[in-house]
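Listed next as structure tokens is one chain, alone, in the form predicted on its own.
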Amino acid sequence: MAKQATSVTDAVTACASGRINIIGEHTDYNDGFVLPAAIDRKMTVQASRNGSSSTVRLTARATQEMFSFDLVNFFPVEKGWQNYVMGVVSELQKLGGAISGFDAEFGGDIPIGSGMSSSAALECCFALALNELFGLGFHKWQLIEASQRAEHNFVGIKCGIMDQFASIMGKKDNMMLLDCRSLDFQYFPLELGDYQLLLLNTNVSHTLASSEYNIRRAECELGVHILQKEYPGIKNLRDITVEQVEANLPNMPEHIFRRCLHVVTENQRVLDATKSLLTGDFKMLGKLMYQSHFSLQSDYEVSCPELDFLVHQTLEKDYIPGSRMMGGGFGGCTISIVEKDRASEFIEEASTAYRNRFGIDLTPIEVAIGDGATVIQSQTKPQNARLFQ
């Protein structure tokens, strides 16, 4: 509800988190289940009003690359981080947000192309900062959905909602089970005991990632269309059982069958993994993670040789219950559960083997589960304005 205010926000610093995902890959845009968490690596933006009616000036801190656009008339560029920012602005404007000229500088410590969703963190920190800076009054779910639509409409990637959800709704030391259809979610503590989470960044990002993402989504939609002929009531792969998919193998191309099979089995793995975490059954959790990886590799075909190699390095090691690729695929990180006192040993062994095989140095990343997006600092000055809450 609107209320009168005697001051207006003049400058804001906000941050949003990257994310990990224990299990549940490529299920979110199929109305499925995911098991993500926000991490302690973030994207940060400092934004301030610049006194103009419509000029926006952006700076990428790491490269000092600058970009400007006019709020009245702007369009996607061919490729680049600028589209994520302009997309957020566009979607907030569509929601009725009154945004005037501002300057913004952003940076962060989420490795680009790592599968930790630096792009969603960028979108979400900008959405949060503009919401605060201009008193837009949008609630968290509006910011999440606006950030997702920014990626759809300005970047051209038809992503699901998991990344933006985790970036904003994350809670320190907690995983989140998200139902991507109803958007119901549940926090529960991540207690790994003698184990820890370890990411190994392949430091490769194959160019197939963006184009193949949209192709996989279209393949799943085709699978649903075919299955609807036998099961008219279904809306998405969420509504289908493994037995129903297998019974329809003769009715669909073999690669469409495998895409559907991955999504349906992955949804069940997420639910089973949640039970394993709650009971502390890390052997079962690890088994589910391996099943997820090999399904992503063979059925969904979004892995790559570098990811497969690092997962295979964990096999037959009794101190590593499970490992898999994480994120959209074609590069980025593996995520493994490793005994704390053996992590350094494994990192050294895997690093040497990886360098010998590919001539590339991997980057080990130990992450902690952190809070989601937040306004770090907000500066106000006296002025008659209307703020919303």
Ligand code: GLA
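From 1 onward, residues are counted along the sequence shown. The shown structure was predicted, so the numbers you read here are calculated from the model rather than taken from an experiment.
Just so you know, the form predicted together with the ligand exists too; it's not on screen, but the next bit is about it.
- For the residues 162, 150, 307, 130, the 4.5 Å heavy atom test against the ligand in the predicted complex is passed only by 162.
- A heavy atom within 4.5 Å of the ligand in the predicted complex is found for one listed residue only; from 257, 294, 213, 282, this is 213.
- Although the partner is absent from this view, residue 370 stays clear of the ligand in the predicted complex, with no non-hydrogen atom inside 4.5 angstroms.
- Contact annotation: residue 26 falls within 4.5 Å of the ligand in the predicted complex, judged by heavy atom distances.
- Although the partner is absent from this view, residue 321 stays clear of the ligand in the predicted complex, with no non-hydrogen atom inside 4.5 angstroms.
- Though the partner is left out of this view, residue 327 does reach within 4.5 Å of the ligand in the predicted complex, counting heavy atoms only.
- Here the chain stands by itself, but in the predicted complex one stretch of 27-35, 59-67, 42-50, 350-358, 27-35, has heavy atoms within 4.5 Å of the ligand.
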